[in-house]
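Okay, so here's just one chain, in structure tokens, the form predicted on its own.
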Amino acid sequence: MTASPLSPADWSEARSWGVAPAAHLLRRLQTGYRPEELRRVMDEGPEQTVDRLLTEHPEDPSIGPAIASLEQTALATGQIDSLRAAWLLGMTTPVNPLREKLTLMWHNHFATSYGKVKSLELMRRQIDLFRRHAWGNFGALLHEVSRDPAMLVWLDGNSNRKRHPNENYARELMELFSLGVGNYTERDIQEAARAFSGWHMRHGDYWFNSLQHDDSEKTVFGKTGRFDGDEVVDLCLEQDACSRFVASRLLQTFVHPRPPEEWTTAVAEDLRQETFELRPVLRRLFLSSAFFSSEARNSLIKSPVEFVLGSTTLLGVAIRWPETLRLLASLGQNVYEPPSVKGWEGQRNWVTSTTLMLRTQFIADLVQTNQYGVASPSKLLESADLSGVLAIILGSDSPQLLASVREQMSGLAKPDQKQRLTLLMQLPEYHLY
């Protein structure tokens, strides 16, 4: 009998838990990590690490005031870059890194752009909504998103009226948020739009405009009733396609860009059994044989946020935000402004001839100048042994990779530490995780 992809990874063999699997776990569950964090995970082991990362911790008192100050500056001045910096700074702290990575995933899933919403307060509140539900219940999240003021602006909720239904939210609810293409009909969208009529925003908050709500009978997914928006959301959650759609999102974010069918089926079944409670599903996924498989490792391409913030975190950089935000925009990932309702497509789209050159130059500038902030990589370089530094940077203890790197370094005349770091962080493997 074939083992389930969600069966726990086997660490029973001596020394099977080491730098490579520990780094893989950290690279997938955090935006970046410090060298000392890798050593901690190697000591803790996988279960203790996953449980710690799936637990909400009090905010870091040394960083919290800085984040709050940036948010207050943004709201007072209308400068979205300050709001971006506040969130990105939060991603670099080691307190709740998985929560922030999940928040970014939901931002991409329910892609909403400041470019249309035009309200920093509404965008900030939407990100806080994703943060509150980061590893909570997907159904509860879907219900709240349907009432979220930023979403109501983004998908024209106020234009959805009894006599003239607007289908934008109903369409994206099914196509992009819960079911995927091919799992609904145009009639389902039209009927669902009527159910959401009167779901408006007023004075910055959700407002049920009863005069503009169509409370007559609708037929959605073959069921008939005087449905409102909440009942349509529940009907979406009941569809088998919903658990598969959410399973695909989790797998593509954390495990593999093109997960095998059996992996999707296993995670979808787990989601149904847990009635969309994400925390237990994520725990099993992060400890599974599929997660640690050779197929999964180094199968994902780092997004600009992961690449840039991961690098600054690794080197202990005190980030200069104006330069860093300009770089992220050039690399194609402006948080708070996804390119469309489909979000960032990611993976191979992240690396073009232009963005690859920008990434390579960024590493050189980051290591050798203070353009993006002052680096303090002393902990990274505590070991003079190349294999130790390579393991921290690339999460690999492969003898073949070590031999290849040594051969490349042999072409450098007495490389100093900065040259060694630059070479290692410019390797093609560094773009993968």
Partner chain sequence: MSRISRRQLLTGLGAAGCISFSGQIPGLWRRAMLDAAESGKSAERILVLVQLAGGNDGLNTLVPFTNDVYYRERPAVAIARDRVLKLNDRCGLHPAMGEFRRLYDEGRLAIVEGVGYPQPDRSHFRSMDIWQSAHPSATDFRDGWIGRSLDREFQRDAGSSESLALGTDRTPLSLLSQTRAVPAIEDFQQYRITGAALASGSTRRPLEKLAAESSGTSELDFIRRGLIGALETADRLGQLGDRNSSLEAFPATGMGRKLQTVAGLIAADFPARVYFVSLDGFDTHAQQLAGHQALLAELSDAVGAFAKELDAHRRSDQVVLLTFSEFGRRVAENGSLGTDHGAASVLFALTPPGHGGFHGTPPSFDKLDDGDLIHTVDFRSVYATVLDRWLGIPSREILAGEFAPVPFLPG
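Residue numbers count along the first chain shown, from 1. Given the structure is predicted, the values throughout are model-derived calculations rather than measurements.
Same protein, other form: the form predicted together with the partner chain, not shown, and the subject of what follows.
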Would you mind picking out the stretch of 94 to 102, 235 to 243, 209 to 217, 337 to 345 that comes within 4.5 angstroms of the partner chain in the model of the complex, counting non-hydrogen atoms? 337 to 345
Looking at S289, Q361, S159, N183, which is the one with a non-hydrogen atom within 4.5 Å of the partner chain in the model of the complex? Q361
Which of these residues, Q48, S376, T55, Q408, gets a heavy atom within 4.5 Å of the partner chain in the model of the complex? Q408
Exercise: R163 in contact with the partner chain in the model of the complex, heavy atom 4.5 Å: no
Even though the partner chain is not shown here, does T224 get within 4.5 Å of it in the model of the complex, heavy atoms only? no
Do S398 and the partner chain share at least one heavy atom pair within 4.5 Å in the model of the complex? no
Can you tell me if G332 lies within 4.5 angstroms of the partner chain in the model of the complex, counting non-hydrogen atoms only? yes
Residues in 125 to 144 close to the partner chain in the model of the complex, defined by a heavy atom within 4.5 Å, in order: none
